[in-house]
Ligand code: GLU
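Heads up, the chain below is alone and in the form predicted on its own; it's given as structure tokens.
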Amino acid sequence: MSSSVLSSGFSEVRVRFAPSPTGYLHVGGARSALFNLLFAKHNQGKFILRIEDTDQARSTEESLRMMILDLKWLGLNWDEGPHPETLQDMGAYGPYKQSERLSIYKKVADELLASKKAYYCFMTDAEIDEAREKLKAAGEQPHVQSPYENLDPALALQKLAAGEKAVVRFRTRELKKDYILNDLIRGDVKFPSDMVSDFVLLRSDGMPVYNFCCVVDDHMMKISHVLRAEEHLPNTLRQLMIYEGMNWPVPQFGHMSLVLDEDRQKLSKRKGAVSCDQFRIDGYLPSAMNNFMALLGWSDPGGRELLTLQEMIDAFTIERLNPAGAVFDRVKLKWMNAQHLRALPNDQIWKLISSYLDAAGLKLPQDLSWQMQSVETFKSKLEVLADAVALYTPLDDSKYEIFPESEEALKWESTRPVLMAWKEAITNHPTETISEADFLKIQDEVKNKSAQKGKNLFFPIRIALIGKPHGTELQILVPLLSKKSILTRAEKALAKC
């Protein structure tokens, strides 16, 4: 690890992913987790999972487990944080759930109160709204100046003892300067201190606000680098003020580009799946998801598009993160998944698609050689694991049926002679299996015997094999069907003529 990676006050690279447990993991969050892990591992550092669950109304253990399931599926394993099974803390800097750290936040708030960098504010919501409206009407910024800013601390404690409610606010009016953030991705960003007014640290119920607990946790957990989405950039000014107020070393910040949809708007459910869980259900591979997400805003120095997780760890540097928005190209994701899928050994592909075939209720041969043959036949057509269902369904005799679109062709005078010739040729075939070459030879025999060609030849044979005149390439399907199965289907087609 290069010594230039660390700023003063930090002895090792420590980064964190800090989601709120309110549902499945969004791909934007997953990419943030991935970039943090890649950076940590590239620099022999630690990747920490911290749970921001102070929003008690929306945070649930069920959601936390859903999110952890997604991270585990992707293989983004953390060094410290909740244990993936028991949720118990792993690491020396816990608790790793913010809801269990309230006493820590209270202690830091008390330090800021004692140093007069914060104060108790007893303004009601109605009073705050009224003050803001007056400022807006006067054409001024809605920065409310609290009448309690200089209230004697002893008097404030008396009011609290009497049952009055108060928030803890951080003083900003005297911080008349520009704060300069040397963002690792965006370069220098200037924040004039008057962009914010005295902001809340603790709510009246004692719960910390995001910016406060975020700084406290990052300091206490010795976080050296904060790599997060650019939507958090506006939070940075308040956080820098808190670091300064506590005289704590400031980690290095890097604000990553947003993930955008095809219309260059922030990725949302309106355009399709955005949760990792849905991509897992649809049959995407974690290796492909990580590969694809890594290239949303980062580029490999060697120009490679297909990379393993270890290859990404070896190549990852912040310097190659692009500040411009990254478009989530679903077509490219599917292509990339197909590349990862087809590169797997046949036995592993079969293992992966089996759960989809079983869920669809397909009854298929249990013979290992048949299974491997089928994978070899179909893997070039697989983009996601779920595609296997449509590919394998024609091989299940119990699923064979004559579809309505076959009715017209079954009424042709030429159809029955073709089907009779087909059945006879299959019956006379000497082996129980029919190779691709055998099929093409039999098809020529039927052509000559029935004196039919074009659709008059091909449609009836298709109907006798898959129940409809259009669909799967027969020459790759027939070798996977038994002679008995082919004859049974031919008889069902003949019965409809």
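As the structure is a computational prediction, the values presented were derived from the model and not from experiment. Heads up: residue numbers just count along the shown sequence, starting at 1.
Unshown form predicted in complex with this ligand; subsequent notes refer to it.
This ligand contact at residue 171 in the predicted complex, heavy atom, 4.5 Å: No - in the predicted complex, heavy atoms of residue 171 and this ligand never come within 4.5 Å of each other.
So in the predicted complex, is this ligand close enough to residue 210 to count as touching (4.5 Å, heavy atoms)? Result yes; residue 210 sits at the interface with this ligand in the predicted complex.
Tell me, yes or no, whether residue 214 is in contact with this ligand in the predicted complex, where a contact means a heavy atom of each within 4.5 Å. Yes, contact at 4.5 Å.
In the predicted complex, is there a heavy atom of this ligand that lies within 4.5 Å of any heavy atom of residue 330, even though the partner is absent here? The answer is no: residue 330 has no heavy atom within 4.5 Å of this ligand.
I need the one stretch from 228-236, 354-362, 120-128, 156-164 whose residues put non-hydrogen atoms within 4.5 angstroms of this ligand in the predicted complex. Contact-bearing stretch, as computed: 228-236.
May I ask you to choose, among 18, 477, 486, 13, the residue with a heavy atom within 4.5 Å of this ligand in the predicted complex? The residue from 18, 477, 486, 13 that makes the contact is 18.
Taking heavy atoms and a 4.5 Å limit, what residues of 48-83 are near this ligand in the predicted complex? Heavy-atom contacts within 4.5 Å come from 52 alone.
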